[in-house]
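Take a look at this single chain, the form predicted on its own, given in structure tokens.
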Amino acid sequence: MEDATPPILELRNFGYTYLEGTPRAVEAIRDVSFKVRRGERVGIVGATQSGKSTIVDSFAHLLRVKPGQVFYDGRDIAEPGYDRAKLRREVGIVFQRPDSQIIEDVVGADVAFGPTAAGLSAPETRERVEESLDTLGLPYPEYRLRYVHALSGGQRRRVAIAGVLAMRTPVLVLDEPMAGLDPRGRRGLLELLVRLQNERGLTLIVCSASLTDASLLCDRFVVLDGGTVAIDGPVRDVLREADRLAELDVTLPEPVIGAREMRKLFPDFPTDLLTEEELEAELVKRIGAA
């Protein structure tokens, strides 16, 4: 039986053209439809200029969207009188470049910006700042008075996420969250995001040109190509279409790359593998049966 509860986010035949009506008009999105259920972990994946960032901007009404195309919790966000400020308190977005959304010079003041602007009391704001920084592995006593410019890129990304977490939004959208991080930083952030989703029941949306980390973080992929939906399904189902993903210029996870190589020896070798351990186990099974 289909769930009667409205999806927390939905696009219905969504289209968007930059500089519409001018000689420089560029159609970024064409007739895109999909739903995100509450608590889902969805990866929006595609090559550069596939439309990922346009969709992210539409979620928080950062674009002038047309009526009947973008819905939050069952309501059309373009309807007259819709509370856009409330929407942005519900849908937290961490953009690809964290510096673009860090406003204050000092870490604690930046994380406190959103709760303060929302009218929270000073004690509650402090509590949220402390909780968010501690959760992100930036201990409050050590980092609250640090200057943002003195932090590493990975630490600044965590500050940007902390600022969103302090708003306690039910939806967290991350645009290329692993960009510029070293392997250790990527692993740490990946583990953190999994833990946050499990503990808080967040609806998590991850936008990326790569499946490398998203395949371990998401339950479902929506794959874009040229502003349209090319594939939409559970992670393993999508990974079974590895050859098509490669044609779409989507970066495949290492286990899937290895599996495609194994197909030269074993044509039926599966590509729906999430970890190196799964790849190794499948290879051992094949060699043992040979």
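Note that the structure is predicted; figures quoted are calculated from it, not measured. Throughout, we count residues from 1 along the sequence that is shown.
Note that the form predicted together with a small molecule isn't included here; everything after this is about it.
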In the predicted bound form, segment of 30-38, 250-258, 234-242, 48-56 with a heavy atom within 4.5 Å of the small molecule: 48-56
The small molecule: the contacting residue among Ala246, Leu62, Leu265, Val26 in the predicted bound form [heavy atom, 4.5 Å]: Val26
Option touching the small molecule, based on a heavy atom within 4.5 Å in the predicted bound form, out of Thr135, Gln96, Gln155, Thr169: Gln96
